[in-house]
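Take a look at the structure tokens below, where one protein chain is shown in two forms, each on its own, as structure 1 and structure 2.
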Structure 1
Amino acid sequence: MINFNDIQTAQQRINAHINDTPVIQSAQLNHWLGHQIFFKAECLQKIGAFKARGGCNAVQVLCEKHAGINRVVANSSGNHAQAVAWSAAQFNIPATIYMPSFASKVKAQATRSYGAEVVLLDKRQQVDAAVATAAQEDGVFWIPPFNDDAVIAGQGTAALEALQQVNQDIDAVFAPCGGGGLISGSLVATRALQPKAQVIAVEPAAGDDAYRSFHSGEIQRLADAPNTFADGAMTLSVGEKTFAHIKQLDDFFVVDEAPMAYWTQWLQHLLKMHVEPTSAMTMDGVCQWLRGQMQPKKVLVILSGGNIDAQMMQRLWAEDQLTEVPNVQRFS
């Protein structure tokens, strides 16, 4: 398991490559909720998501450990594809990304634009088989999306940086949980810097494997990818490495689809940022937690990213959610 020192080392490694994203607040939202919410805007990160952090750290750790790196490879239909493509390009390492052909054109195109070779294959099983075969070659290294110490340490730099920026006592840190890299890194960083703060994960109710794993003490696995707005949290299960951290979380909330669309519209409107539903969903978890609090609280939310295709935007904005202003009791 990684420790805080690994995250500090990761920060030193990646600092010159990544964006120093702001921590922002909405005075209006704070007023409505009666609590203070700090948002770490990782939607403004390189590639539009926190995953640039883990990718960038992992590629550098590989370079420190191995001499002859000919190529890095990854299998992904989403932000991890772009993160590995971008990270490899930072160090002039060729990258091949295996993607399912049903992945959005925008994401394949963005991955190519960072200089990676993109191989499209019809089925996810073919994608996974192709990357496994490729990684057996000498000098070719696979970068996993979350179940990897260097990736977890990299993701942890978002919370580390945010807590340094906020520079005051925080009551709770919230992040979404897909494979668990972001929440695991956030936990380690927060325990070191603010041991009194709770660290809490949020997951779509439609794909609640990590929530059930947290409560049962054993890794639970979904049979199929869930149908949810939160396309960054559709992972079938967490990994052994992330679960070792997830077990230690203070709490875990699941979120229905309606509040995801609601909070995506409101965060885009109030923060004026292109926040993706996987990030916005976290606010429903925050409200579930705040309902049990008697005093005004200070909460840090890691807004994981802002990569949304047009079909998703149409679905998210299909109904006007801006007619009812946020309050902690909504969706209770």
Structure 2
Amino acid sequence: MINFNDIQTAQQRINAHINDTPVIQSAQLNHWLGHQIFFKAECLQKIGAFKARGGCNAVQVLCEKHAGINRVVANSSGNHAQAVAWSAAQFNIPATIYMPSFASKVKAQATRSYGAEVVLLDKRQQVDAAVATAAQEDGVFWIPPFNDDAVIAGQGTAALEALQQVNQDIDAVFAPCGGGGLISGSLVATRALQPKAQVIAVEPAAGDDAYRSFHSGEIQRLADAPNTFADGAMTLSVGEKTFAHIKQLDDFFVVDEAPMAYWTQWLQHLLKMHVEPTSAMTMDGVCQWLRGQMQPKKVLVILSGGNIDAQMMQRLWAEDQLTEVPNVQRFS
């Protein structure tokens, strides 16, 4: 398991390469909910997602450990693909990214634009098998999307920075969970800086493997990629490294598809920025938690990314959700 020093070291490595993203609030949303919500806007990060942090840290760790790197490879449905492609380009290392054919088209194209070779395969299982095979070649190194210490430490820098920026006591830190890299790093950073704050994960109900793993105490695996708006949380299972952290979370919520569309529209409207449904779903988890709170709370939400293609935008905005203002009882 990583520790806080690993995250601090990662911050030093990547600081010159990434964006210092802001923490923002919506006074109107705070008024409607009766609580104070702080958003760490990783949708404004390099490549449009927090994944740039883990990718950048992992590439630099490889460079520190190995003299000859011929290529890095990765498997991803989107944001990690872009992160590894972008990070490899910063250090002039060739990259090949294996992606499922159903991955977001804008994410696949962005990955190519950073100079990586993109290999599309029909099933997630084929993607995972192909990257494992490629990693057997001499001088080829695999950067996993979440089950990697350097990746987890890099992702943890988002919460580290956010808590330093807020600089006041926080009651809870929320982040989406796919493979668990972000929530794992967030847990370690929060426990070090604000040990009294709860750390809580949110996952799509259609792909609830991490949620079931958290409650059962054993890693659960999906048979196939879930059908969900939250394309950043379509992993089949968490990893052994991330699960070691996930087991220590304070709580875990799952979210249906309707609240994802609702909160995607509202966050885009209130915050005036693109927010992925994977990020937006976290707000429904926040509301589920707030329903049980008797006093006003301060909550930090990691907005994980903002990469949405035209097809997904059409689906998310097919029905106007802005006629009903947010409240913590919505969808209860």
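What you see is a predicted model; the values in this text were computed from it and never measured. Residue 1 is the first residue of structure 1, and the numbers go on in sequence order from there. The term rigid core refers to the most C-alpha atoms you can superpose between the two forms while keeping them within 1.5 Å.
- Here the chain taken from the form predicted alone appears as structure 2, while structure 1 comes from elsewhere.
- Relative to the larger rigid part, the smaller part rotates 12 degrees between structure 1 and structure 2, based on C-alpha fits.
- Taking the core as reference, the C-alpha deviation of Gln126 between structure 1 and structure 2 is 4.5 Å.
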